[in-house]
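This document opens with one chain alone, in C-alpha cells, the form predicted alone.
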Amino acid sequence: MRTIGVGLIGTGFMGRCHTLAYRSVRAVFDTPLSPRLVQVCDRRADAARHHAERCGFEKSTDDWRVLVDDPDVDIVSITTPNKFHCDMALAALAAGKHVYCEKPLALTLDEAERMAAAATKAAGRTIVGYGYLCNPLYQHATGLVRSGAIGRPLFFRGVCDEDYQADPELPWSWRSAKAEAGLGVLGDMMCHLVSMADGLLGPIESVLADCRIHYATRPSGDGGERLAVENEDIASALVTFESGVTGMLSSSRAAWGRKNHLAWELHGDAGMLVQDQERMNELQIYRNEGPKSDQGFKTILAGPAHEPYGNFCPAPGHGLGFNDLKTIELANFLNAIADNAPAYPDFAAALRFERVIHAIARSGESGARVRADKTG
C-alpha cells in the first residue's frame, strides 16, 4: 500500500462529497493506494483555508494552477461549475495527473471532445462522477439483464426529476446561463439517466426531443431587473438504442415534490425491472412465471449479497447512502490507477453520454430526429 496525493478544486457540495470519500475509502475498501490530502483550492482563499483546516488538507490556495503544478498532487478532483472543467482537466492531464471530474464533462460538446482526446494521449487515468452507476442494486440489475432474467429487453422508460428550480421566484444563478452551465436540466440531471440507460442497454443511437424553458426569467437576487434563463428546465426524448430497443427519457428541474426521482423501468418479454434513486436500496423485479394468481412485483432489499454493500454493513436492509456511492466510485478509480487500467466511466465513456444530451438539445431546437454519434 502506497500513498497518492490528492488535490481538490472546489469546496461546495460536491467538493465535500469528494473529501468524505477520500477520508473514508481506506476504512471501507482495501485499496492499494491510500489518499493523502495535499492541497485544496477555492476561488475564495478563506473558504479554501477553512476546508483545509476542517478536513485535513496540508495546504490551501485560491489559484487552481498552483494546485495542478504541485508535484505532491497525483489526483486532481474537479468539483467546480461546468465552465471550468475543460481548462482544469486539460492542464492536469498535461501535467501528468489523474483526473476525477464531476459531470457533465464540459460546458460544450467541443470541449468534451477535446478533453476525451487529450485523455487518450495522457499518462493519467480519468473518471467522471456518475456515482449512481455504483449503486450495488443498479449493478445487480445490469447483471439480471445480461443473464436474461426478464427475457429480451423491449423498452426503457426513465425519468430524472427534482424541484430545486420549481419555484419561479428562486433567484437567478449560474445554472441558468449557457456561458456558466452550458445545458440546463440535460447537463445537470438527464446525463445521469443517459448513463444508467447506457449501462443497462448499451449506447443510444438517435433521439427525437422536446426541450422547454418554462421560467423565462428569474429575480436577479439584488433587487434589480429579472434575468433571462438561457437553458432548458424540462426535456423529453424518444430514443432508439443501437441494439434496436426503444425508450423514453424525461427530466425536469421544476418538479415540485421530487428530490432525487432518478427512476427507470426496463420492460422485457419475460418480465420487468424497476428502480428509483429516492428508494436507492430497493430494486423491483417482475417475472412472468408460475401461477398467474401468485405473480407480482418482488422487492429486493440491498444487502451483502450485492457487492460491495457488505464492505459498509454486514446486515441486509440497513441501507447505503449517496456519499457511500462516492466512496465506491473513488475505490474503483484508485484500483484502476494502481492497475494502470481504464476506470469507468472515463472521459471516453462520459463523452458518449454528452453526445446524447447534446443530440437531445439539437433535436429540441430542430424538431427532427438526431443521431447521437454526431458531433454537431
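Source: prediction; values computed, not measured. Residue numbers here begin at 1 and follow the sequence given.
What comes next is about the form predicted in complex with a further copy of the same chain, which is not displayed.
**Student:** Using 4.5 Å between non-hydrogen atoms, is residue 44 touching a further copy of the same chain in the predicted complex?
**Tutor:** No.
**Student:** Please check if residue 355 has a heavy atom lying within 4.5 Å of any heavy atom of a further copy of the same chain in the predicted complex.
**Tutor:** The answer is no: residue 355 has no heavy atom within 4.5 Å of a further copy of the same chain.
**Student:** Does any heavy atom of residue 146 come within 4.5 Å of a heavy atom of a further copy of the same chain in the predicted complex?
**Tutor:** Contact check for residue 146: no, nothing within 4.5 Å of a further copy of the same chain in the predicted complex.
**Student:** Would residue 259 sit within 4.5 Å of a further copy of the same chain in the predicted complex, counting heavy atoms only?
**Tutor:** The answer is yes: residue 259 has a heavy atom within 4.5 Å of a further copy of the same chain.
**Student:** Where does a further copy of the same chain sit in the predicted complex: which of 85-93, 294-302, 112-120, 194-202, heavy atoms within 4.5 Å?
**Tutor:** Looking at the other structure, the answer is 294-302.
**Student:** Does the trio 28, 280 and 323 actually contact a further copy of the same chain in the predicted complex, every residue with a heavy atom within 4.5 Å?
**Tutor:** Yes: each residue has a heavy atom within 4.5 Å of the partner.
**Student:** Within 4.5 Å of a further copy of the same chain in the predicted complex, heavy atoms considered, which of 176, 236, 80, 108?
**Tutor:** Answer to the contact question: 236.
**Student:** Looking at a further copy of the same chain in the predicted complex, which residues in 210-242 have at least one heavy atom within 4.5 Å of it?
**Tutor:** The stretch touches the partner through 210, 212, 214, 215, 234, 236, 237, 238, 240.
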